[in-house]
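To begin, one chain is listed below as structure tokens, in the form predicted on its own.
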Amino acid sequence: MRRTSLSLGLAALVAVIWTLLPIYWILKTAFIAPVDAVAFPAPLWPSNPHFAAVHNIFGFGYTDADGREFLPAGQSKQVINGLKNSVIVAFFVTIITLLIIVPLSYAFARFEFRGKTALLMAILFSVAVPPVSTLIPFYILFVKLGLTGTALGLIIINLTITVPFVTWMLIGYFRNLPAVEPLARVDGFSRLSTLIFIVIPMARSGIAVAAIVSFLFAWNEFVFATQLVNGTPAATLPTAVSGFLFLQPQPGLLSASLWISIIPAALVAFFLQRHIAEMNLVEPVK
């Protein structure tokens, strides 16, 4: 028993280090002097925190204690514009996804109708297909429709990922909720009012998790964004950050921009994590 506990503890420690070390390294690189960021071996701890990269990435100059001046990053406009576009795209993708998948998942979970199995298999197939395999057909379609280089096109293509995935996830959650529909019908509720006023409040934890998943999918989406909006005014933050990889190496600016991309998603997950725990506590109805 002691050996098993020790093995589990070591495995957990390795997993934690494996997960947190890259995040710490990015944070550390964003707050050290540029000369230290390219030094070898790199310092493990920023002895004198340097805020040039953080200021420069937002378009501000910075002068350190030694009087050295650091000019705003040339990519600051792209990063700020990408941040704005990512917020817009992720927000609308999340809202539209919830408006679609809540009644859709509820219908699949609670009702029997013709073609239900075939539609479920279609949703499962959509979830299983790698997004990159549909890149070329979508690109040709969006070029003909004039949706390349637009936030609308990116919202639509994100919905093709979030809607089937989150629908499949919520179907099982709705199935595990108590069957309140007969009681609601006795009290005079219609099917729609039952969904809105009874089922949705009961399923708030599952819906919150669906919102988190949808937001993170849209926020981090890179493959479609690279082909459809990269280099246009509708470019998102992941494509803007990727531009640092093709320019003169600037580890501090790259790390600062990565933290900009991590923080909003982390805040969304942090404030809604309670619902994730509550979703896991729902027991199947026997």
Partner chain sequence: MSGIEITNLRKSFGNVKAIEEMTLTIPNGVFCVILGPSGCGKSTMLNCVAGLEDVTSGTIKIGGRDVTNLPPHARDIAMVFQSSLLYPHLTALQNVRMSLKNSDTGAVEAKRRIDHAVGILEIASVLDKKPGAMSGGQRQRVAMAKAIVRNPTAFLMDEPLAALDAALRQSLRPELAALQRQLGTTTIFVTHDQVEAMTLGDLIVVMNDGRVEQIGTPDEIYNNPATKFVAAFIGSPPMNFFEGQVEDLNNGPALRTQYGPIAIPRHLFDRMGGRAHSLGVRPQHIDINRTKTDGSIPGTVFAIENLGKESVIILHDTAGHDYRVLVGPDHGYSVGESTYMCPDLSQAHLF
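Numbering follows the first chain given and starts at 1. The structure presented is a predicted model; accordingly, all values stated were derived computationally and were not measured.
Not on display, but discussed next: the form predicted in complex with its partner chain.
Colleague: Taking its partner chain as it sits in the predicted bound form, is F174 near enough to touch it, meaning that at least one heavy atom pair lies within 4.5 angstroms?
Modeller: Close contact is absent here: in the predicted bound form, F174 is far from its partner chain, nothing within 4.5 Å, heavy atoms only.
Colleague: Please tell me whether any heavy atom belonging to M202 falls inside 4.5 Å of a heavy atom of its partner chain, as the geometry stands in the predicted bound form.
Modeller: The answer is yes: M202 has a heavy atom within 4.5 Å of its partner chain.
Colleague: Residue-level question: is A208 within 4.5 Å of its partner chain in the predicted bound form, judged on heavy atoms?
Modeller: Taking the distances in the predicted bound form, the answer for A208 is no, it never comes within 4.5 Å of its partner chain.
Colleague: Does V186 make contact with its partner chain in the predicted bound form, using a 4.5 Å heavy atom cut-off?
Modeller: Looking in the predicted bound form, residue contacts with its partner chain include V186, since a heavy atom lies within 4.5 Å.
Colleague: Only one of I80, L152, I88, V180 gets a heavy atom within 4.5 Å of its partner chain in the predicted bound form. Which one?
Modeller: The residue from I80, L152, I88, V180 that makes the contact is V180.
Colleague: Pull the contact list for 78-97: residues with a heavy atom within 4.5 Å of its partner chain in the predicted bound form, in sequence order.
Modeller: Read in sequence order, no residue approaches its partner chain (within 4.5 Å, in the predicted bound form).
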